[in-house]
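In the block that follows, a single chain appears as structure tokens, in the form predicted alone.
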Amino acid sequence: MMRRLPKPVRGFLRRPLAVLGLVLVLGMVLAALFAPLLAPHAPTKADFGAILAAPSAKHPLGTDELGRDVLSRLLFGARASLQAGMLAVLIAVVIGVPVGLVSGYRRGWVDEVVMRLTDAVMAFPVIVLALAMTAVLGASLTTAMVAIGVVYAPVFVRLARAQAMALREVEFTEAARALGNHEAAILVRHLLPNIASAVLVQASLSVAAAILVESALSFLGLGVQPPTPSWGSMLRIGTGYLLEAPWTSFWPGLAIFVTVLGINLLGDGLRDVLDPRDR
């Protein structure tokens, strides 16, 4: 049965850590999608008779400082973290890949301008730029996603530029130019499909980093705003109750760890299978 599967799929399934990463990621995605069905309580419903209650049958993971069910908030918080990570990387790909392709294919002054701007952005730590943008634009999940996407765009600019520089002189590109294909057609029909695997690998790894940045922004109060649950804000609030109610910070911290670990394992597996340099 394995022989009937495509070769990349067979190669992926032979890597236990990559399969573990896929299982973890799928588990988190399913938990986020079916949060309304899985959550035992409303995530924002306060129960002042059960403030900082220990894990029990009614509240499997305990409650927070307002008596809200931690498990329910974790499930709904997964939506914010995964949405921020995936959409932020999508923004970065949409901005970075076209710019990088044009820069690497055209070279000359266009490449110089793009690279100097890219170097300027990458000279600052990611979290510092994201903090600055959210502070200026206002604290919200949408602002955080846009900020993270813009900050990570230079990564994809550099990747697409390097791939375009390598492919602009190969035979099929020269043949396309000789046949009179427009530059846009060459970029879309010939270069873009050939860099798709590299972009996919980088995107999968960047999602994990974007989730960490979103959690950090929410931890600092510049991401998802209360009472909407998010892992970062849950972790921040829980640090004030580490001695009396450690579960309030342990579970969101574990959720961030497991999600980032799963995405990194999945990304490493995709890189091993799709990136020819690592075969």
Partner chain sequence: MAIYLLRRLLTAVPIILLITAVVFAVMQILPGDPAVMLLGTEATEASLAATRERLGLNRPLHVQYLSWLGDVLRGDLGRSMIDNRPVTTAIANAFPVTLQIALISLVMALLVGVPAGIVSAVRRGGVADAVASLVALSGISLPGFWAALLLVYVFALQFDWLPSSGFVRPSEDLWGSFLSSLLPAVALGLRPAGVFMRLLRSSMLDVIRSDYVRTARAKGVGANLVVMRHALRNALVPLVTVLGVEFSALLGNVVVIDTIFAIPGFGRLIYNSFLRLDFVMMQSLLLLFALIVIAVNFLTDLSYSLLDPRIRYR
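Positions refer to the first chain, counted from 1. Note that this is a predicted model, so its numbers are computed, not measured.
Just so you know, the form predicted together with its partner chain exists too; it's not on screen, but the next bit is about it.
Across the options 43 to 51, 236 to 244, 27 to 35, 66 to 74, residues that bring heavy atoms within 4.5 Å of its partner chain in the predicted complex belong to 236 to 244. This chain appears without its partner; in the predicted complex, the one residue of Val170, Ala176, Ala132, Val188 with a heavy atom within 4.5 Å of its partner chain is Ala132. In summary, among the residues Ala162, Ile127, Leu200, Val110, the only one with a non-hydrogen atom within 4.5 Å of its partner chain in the predicted complex is Ile127. The three marked residues, Leu17, Val136 and Val260, each reach its partner chain in the predicted complex, with a heavy atom inside 4.5 Å.
Among residues of the shown chain, Ile95 is not one whose heavy atoms approach its partner chain to within 4.5 Å in the predicted complex. Using a 4.5 angstroms limit between non-hydrogen atoms, Ala184 is distant from its partner chain in the predicted complex. Ile256 belongs to the set of residues with a heavy atom inside 4.5 Å of its partner chain in the predicted complex. Its partner chain in the predicted complex comes within 4.5 Å of a heavy atom belonging to Met122. In the predicted complex, the residues of 97 to 118 lying within 4.5 Å of its partner chain by at least one heavy atom are, in order, Arg116, Leu117.
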